[in-house]
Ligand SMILES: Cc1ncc(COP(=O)(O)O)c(C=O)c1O
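Let's start with one chain on its own, the form predicted on its own, as structure tokens.
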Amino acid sequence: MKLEFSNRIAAMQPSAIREILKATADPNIIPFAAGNPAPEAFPAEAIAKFSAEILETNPIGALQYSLSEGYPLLRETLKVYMKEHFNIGREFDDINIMSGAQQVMDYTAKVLLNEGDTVICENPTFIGTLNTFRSYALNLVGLPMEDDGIRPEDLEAAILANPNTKLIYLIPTFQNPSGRTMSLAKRKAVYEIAVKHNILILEDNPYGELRFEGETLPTIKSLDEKGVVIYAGSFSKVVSPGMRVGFAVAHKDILSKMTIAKQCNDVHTNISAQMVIHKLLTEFDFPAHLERLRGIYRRKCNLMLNALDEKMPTVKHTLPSGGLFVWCDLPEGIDIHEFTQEVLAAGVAIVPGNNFFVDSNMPTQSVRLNYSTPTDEQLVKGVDILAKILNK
């Protein structure tokens, strides 16, 4: 039988990161290409304890169909948590639980954007969201980044050049892939531009609670008095990606449409996982858990940065204050794809930077390195391998 695929999926390619990660199934490969939490970061004992309690005391609640909007107790707890910790949530807002933050990206495109609408984003940015937008045949416009984020004047110019702009997609805090953080001045400027032009902002913040250096900055959503910001949050990086629990904070009218989209998709997010997350927030020392994670990633990041400075002093790299990633610019003349293949053959998996650009054919000397997944020993050994191949 000859298969014919839909226009929206026929030309799409699998995620380059997912393909590279297949190589990391080999325990001998050092996984600089990953983006997973550190193995020692999971609150496994607490999850096991709460899971057993839930199945013993409320098995039907954990195993039965549930509400598309999310587990009511978790939603109410999150409303309080987001208000107290992030100053997020106005009278016009609500919270829906999603199957990971990735589902927030998908539903934002599905319920708000039409084919050909323009989305403005950072360049580079997260490949998973880029592919989501591509699947809806959206026009993607990428803006170059400075160390403190995109330039507001570039955003204004891009909007004027693309009058059908409907959405601005940003990862302002510990951006994936660059590790950069947008300054408060730029956050305010971007928000004001969005309000001025009546354009929505999708703020993706999976790493915000993993700050291990410096002062916490307000989210863009915390500035939102007009209902123009959709906030995507996740427990993947602070609890477990396998549980697939994320959430959206947005205007109630937007979330009501996302609820319909969810009913057409997975009906509701894993309810037993939602119940476990609720217990972690209410019956577990969650702040102490976050502090432990920050300590883990502070140590791992410093190990990688110190190794890069010692072994690869000519390579420019970002200096993240949190999150999971370092962005490196290799010297001119290096063929990034040959380099990627050669280091993989030597036992290190990395992601070439072109995968994170709106135009994946854009020439680049950049690579993304992850410090959360490798062991401390692998961090040092991996950079040593990169340096030897680069010097060769």
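From a predicted model like this one, the values you see are computed outputs, not experimental measurements. Residue numbers here begin at 1 and follow the sequence given.
The same protein has a further form, the form predicted together with this ligand, not shown here; the description that follows concerns it.
Stretch 198-206 is the answer when you ask which of 198-206, 294-302, 87-95, 154-162 has residues with heavy atoms within 4.5 Å of this ligand in the predicted bound form. Within this chain, M105 lines the site of this ligand in the predicted bound form, having a heavy atom no more than 4.5 Å away. Taking non-hydrogen atoms only, G142 never approaches this ligand to within 4.5 angstroms in the predicted bound form. In the predicted bound form, none of the heavy atoms of T318 sits within 4.5 Å of a heavy atom of this ligand.
In the predicted bound form, this ligand stays beyond 4.5 Å of every heavy atom belonging to T219. Just one of R211, H268, K237, K279 comes within 4.5 Å of this ligand in the predicted bound form, counting any heavy atom, and that one is K237. A heavy atom within 4.5 Å of this ligand in the predicted bound form is found for exactly one of V119, I230, I171, L74: I171. Contact residues in stretch 125-162 (any heavy atom within 4.5 Å of this ligand, taken in the predicted bound form) are limited to F126.
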